[in-house]
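Listed next as structure tokens is one chain, alone, in the form predicted on its own.
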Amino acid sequence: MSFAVRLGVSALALSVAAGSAFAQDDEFWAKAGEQFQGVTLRGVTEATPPSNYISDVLAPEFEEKTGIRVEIETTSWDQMYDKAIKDMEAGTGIYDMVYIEQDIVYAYLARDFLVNVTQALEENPDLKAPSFDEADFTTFADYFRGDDGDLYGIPMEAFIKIYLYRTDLFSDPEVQAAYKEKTGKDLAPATTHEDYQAIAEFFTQWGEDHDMDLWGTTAQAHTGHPASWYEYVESVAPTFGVYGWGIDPDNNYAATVENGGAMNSDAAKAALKWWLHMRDIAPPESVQSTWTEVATTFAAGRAAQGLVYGENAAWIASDDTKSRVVGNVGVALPPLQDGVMEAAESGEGYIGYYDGGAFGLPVTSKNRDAALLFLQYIGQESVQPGWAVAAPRITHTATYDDAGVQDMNTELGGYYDMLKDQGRLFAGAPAYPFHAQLREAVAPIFYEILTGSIEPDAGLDQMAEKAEQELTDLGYRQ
């Protein structure tokens, strides 16, 4: 038998096998859904590309296969948290699924808000979908496991915050010559803060000189929204070697330098002043920008480079109905101080934020079994490739090898390769159950720094002192 014939027979066999597997899956979903006819599941999440895919694609698919209606409420980040937490605290059972961001899961676990999904499926084997396997998830799923190793949330997005740059600008001969003349260096994506700053200053001036709506960098610098605080502590400070918000949990949760912390260290102060300078030469809307507006600023072609959450990379690079820079987006690692990369590679530090979230099942849900089915549906391998192409998030190891994902990887300048090969250099938020309380305690001081009411050095001193006071009041510092 010739190779071509053998290949054709093999492809046919694989196609038949796949068709048989899909038929078995459809049979499971139809049968499992029979007992839940008339049930409507309700979930709440932030209006992000991955969440919108659940609402627009996966929820209708699930309803078609099971007969169970799913209503996904997509709203703002702060409203999402407010609605979910109030529902779980009051036990009203409005929501059957809630979005759990990686940085808040530890607080939810400490308050016993979530159903143990692993245990629930073990206790209800009739509800276990043959197409769902926890082992398929990437290690990002470990952020949503309890001390017992069980899963308390189904990962639905995972992405890193990356350095995006305009390839059309960086490759323009006129721009390259002007940059070389001004700095003595070749124009290329920055690897150090000094180079990033030089590029940012150059392009802001270039935009002014050429009457262009162009600035040198983005800045997630809203003066009254936690997004700015997150950009500093999770994306900028680590690149200067300040980890875990500058708190040392192994040293009585020290935050001040005096007590062994790093929140007001020289490195932290250098990081903040560098970032504030970037804000000052960023587009004017930056002082009111959250993670959403930073993405739209870059997509509008108003910044030559910037730190942007990876979940937005696909539409920025490929959707010409929303983005003016389609085909001109490059990706790189963030700029770093000396020693930070070595610390990340050794596991002693990290170079930026590995963000993401999961859908969890509140213990207050009135439709727990039906919700378990939906969580498995969005967690099965077969739905992942289309989801990853629509919104650059990968939670299953096999997704990287999908042909469509590989095509998008090329269009994104190798973003998925970076996520797969260098994602280990990034880290999620520290495992602090007091995450929200501490943020709310110190953020007002941070906003005063942003508005100029407090000098940066003095502001960080105050933040560190306030952090220790709050941690003492909460019982973490003894």
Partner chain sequence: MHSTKLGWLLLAPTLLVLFFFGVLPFIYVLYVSFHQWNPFAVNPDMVFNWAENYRRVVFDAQFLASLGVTAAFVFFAVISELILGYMLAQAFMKDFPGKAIFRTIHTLPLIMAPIIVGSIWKLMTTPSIGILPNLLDNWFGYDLNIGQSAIAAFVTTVIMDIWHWTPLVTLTLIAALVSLPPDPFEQAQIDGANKRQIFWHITLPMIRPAILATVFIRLMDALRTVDEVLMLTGGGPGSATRYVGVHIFKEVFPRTNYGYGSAISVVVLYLTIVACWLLYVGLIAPRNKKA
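Residue numbers count along the first chain shown, from 1. These numbers come from a predicted model, not from an experiment.
One more form of this protein should be noted, the form predicted in complex with the partner chain, which is absent from this view; the next part is about it.
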Next on the checklist: residue 42 versus the partner chain, in the predicted complex: is there a non-hydrogen atom within 4.5 Å?
Outcome noted: no
Checklist entry - With a 4.5 Å heavy atom cut-off, would you call residue 57 a contact of the partner chain in the predicted complex? => result no
Next on the checklist: in the predicted complex, is there a heavy atom of the partner chain that lies within 4.5 Å of any heavy atom of residue 222, even though the partner is absent here?
Outcome noted: yes
Next on the checklist: Whether residue 142 contacts the partner chain in the predicted complex should be assessed with a 4.5 Å heavy atom distance threshold; does it?
Outcome noted: no
Next on the checklist: Using a 4.5 Å heavy atom cut-off, which of 83-91, 127-135, 364-372, 228-236 contacts the partner chain in the predicted complex?
Outcome noted: 83-91
Next on the checklist: I have 285, 447 and 451 flagged as a candidate spot, so tell me whether each of them has a non-hydrogen atom within 4.5 Å of the partner chain in the predicted complex.
Outcome noted: yes
Checklist entry - Pick from 101, 402, 311, 293: which residue has any heavy atom within 4.5 angstroms of the partner chain in the predicted complex? => result 293
Checklist outcome for this item: Answer key: of 193, 166, 302, 269, within 4.5 Å of the partner chain in the predicted complex (heavy atoms) is 302
Checklist entry - Hey, which residues along 349-364 are within 4.5 angstroms of the partner chain in the predicted complex, non-hydrogen atoms only? => result none
